[in-house]
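Have a look below at one chain only, the form predicted on its own, in structure tokens format.
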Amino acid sequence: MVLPRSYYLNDDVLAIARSLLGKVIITTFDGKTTSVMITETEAYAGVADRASHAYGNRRTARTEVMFAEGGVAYVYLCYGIHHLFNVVTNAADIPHAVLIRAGEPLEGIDHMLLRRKKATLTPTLTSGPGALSAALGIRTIHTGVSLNGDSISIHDMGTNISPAQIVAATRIGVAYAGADALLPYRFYIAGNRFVSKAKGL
């Protein structure tokens, strides 16, 4: 079942970041369908979160999509190389977002391997947000795309991830955020091979 728009309007971005674990992202571009089960997420709590691009109500051409009503993609370029896929959540003008950091490949693995220029399936195929987006074919041009449309959608396939399976840790690459860098806003499925190897603070 594709997640309805109402799913993304929850005002608790941490709850959404947790509940996205086990959900399935499906992309279809140029007739090529790929999918992964989400294994790792990071929550970004808007204007009060110093790690967020929208901290202090910062509105730019890049971040404006974060202020849209939840249920659309926010994809930005990191280091001029990596396209990072985020899920915009909450009501309009409340710029919450969840970065999708990793996933377990399900469908279209051959397409993912080609996109990542890899010969065999290993956890590095979709572990880490840049790798994940590349494997799924998600790029910055998809910013603003609905997450229950034809090109990118997120589904509940009935996989139940219990609280005991979820590890909470600090986020990656946000040391600049001071005390907010220490917040346990990263979540991943314990024991899953397809989780990024980067360490938080």
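Heads up: residue numbers just count along the shown sequence, starting at 1. Since we're looking at a predicted model, the values are computed, not measured.
Just so you know, the form predicted in complex with the DNA exists too; it's not on screen, but the next bit is about it.
Residue 142 falls outside the set of residues with a heavy atom inside 4.5 Å of the DNA in the model of the complex.
In the model of the complex, at least one heavy atom of residue 174 sits within 4.5 Å of a heavy atom of the DNA.
In the model of the complex, none of the heavy atoms of residue 105 sits within 4.5 Å of a heavy atom of the DNA. In the model of the complex, residue 71 stays away from the DNA, with no heavy atom inside 4.5 Å. Taking 147, 36, 138, 51 one by one, only a single residue has any non-hydrogen atom within 4.5 Å of the DNA in the model of the complex, and it is 51. In the model of the complex, the DNA lies within 4.5 angstroms of at least one heavy atom of each of the following residues of 127-142: 127, 128, 129, 130, 131, in sequence order.
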